[in-house]
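Let's start with one chain on its own, the form predicted on its own, as structure tokens.
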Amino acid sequence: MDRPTNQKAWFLVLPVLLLVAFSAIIPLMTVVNYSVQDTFGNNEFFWAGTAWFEEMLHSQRFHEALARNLIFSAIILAIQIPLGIVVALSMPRKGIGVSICLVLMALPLLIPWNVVGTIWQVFGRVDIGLLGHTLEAIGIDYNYVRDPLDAWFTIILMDVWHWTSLVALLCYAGLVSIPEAYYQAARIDGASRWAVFRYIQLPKMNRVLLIAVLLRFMDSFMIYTEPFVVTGGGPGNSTTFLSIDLVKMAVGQFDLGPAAAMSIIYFLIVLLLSWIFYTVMTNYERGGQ
């Protein structure tokens, strides 16, 4: 005979569900409402159906901003994941050096995003910035306000400085969870350094690497504050990502219908790509076991 299910636990999570409904679902429904309507002011709305979605999906402006986002996220993942692993492997496991390294790694993560953008905006200036002045002094023509490549170099370097610590700390958490007996067995068998990493350390970091990849992909794909503060989306539209373009459309141009449709498409793209990342990496992990 089956025991009756205790439903009292639902009352414990009910406040959380209500908070999520208020802070996420209700605003989302408002955006959905705007995405299928048009307005000419005076709080008068007219049914537009899927017109805004079709306009966005056929918009060259949207496609170019999406391409910039994909390229930026791919570069960020290609740099930060291997670099984070290397940093984690180089961190000490015992002694006072552990605390020092953890504090230093956590410092960039504590700085607000707008402050990070302001720091690198000044840091990259040719007249007073250390980076810009140094590059000019050694003969490199660097100006992130004028040159698109320099702008991309600046925001990529800024993001690597800001968020590689997160990947390193997650990888370090996976490394310190490995029992010492594994390393002792590897030394007895005469395993090389690469073999220890390939067959002991990397499998133990699979789950934290999955979290790191998902977090860094979502953060980099939705990046807004830092490049907006540093370049404002310029020069031209070279660093205008979807988030910046969305704000310009909604706030600057006050095109609520297209902006709402674009935000929903943006949300679905992030959700789809995150699901693909999660599925591929979990399947890889299961196949390696």
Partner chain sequence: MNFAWMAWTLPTAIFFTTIFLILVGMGVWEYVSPGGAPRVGILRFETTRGDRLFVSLLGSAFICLAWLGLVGPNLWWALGLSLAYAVIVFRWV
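Positions refer to the first chain, counted from 1. We call the rigid core whatever largest set of C-alpha positions still superposes within 1.5 Å between the two forms. Quick caveat: nothing in here was measured; it's all calculated off a predicted structure.
Unshown form predicted together with the partner chain; subsequent notes refer to it.
task: Tell me, yes or no, whether Q253 is in contact with the partner chain in the predicted bound form, where a contact means a heavy atom of each within 4.5 Å.
output: No, Q253 stays farther than 4.5 Å from the partner chain in the predicted bound form.
query: Applying a 4.5 Å heavy atom distance criterion, does V36 contact the partner chain in the predicted bound form?
result: So V36 counts as contacting the partner chain.
Exercise: F40 in contact with the partner chain in the predicted bound form, heavy atom 4.5 Å: No, F40 is distant from the partner.
query: Contact between V32 and the partner chain in the predicted bound form at 4.5 Å, heavy atoms?
result: V32: contacts the partner chain in the predicted bound form.
- prompt: If we check the partner chain in the predicted bound form, which of the residues in 251-279 reach within 4.5 angstroms of it by a non-hydrogen atom?
  reply: Contacts from 251-279: I265, L268, I269, L271, L272, W275, T279.
- prompt: Once you line up the core, how about T279: does its CA shift reach 2 Å between this form and the one not shown?
  reply: Shift of 2 Å or more: yes.
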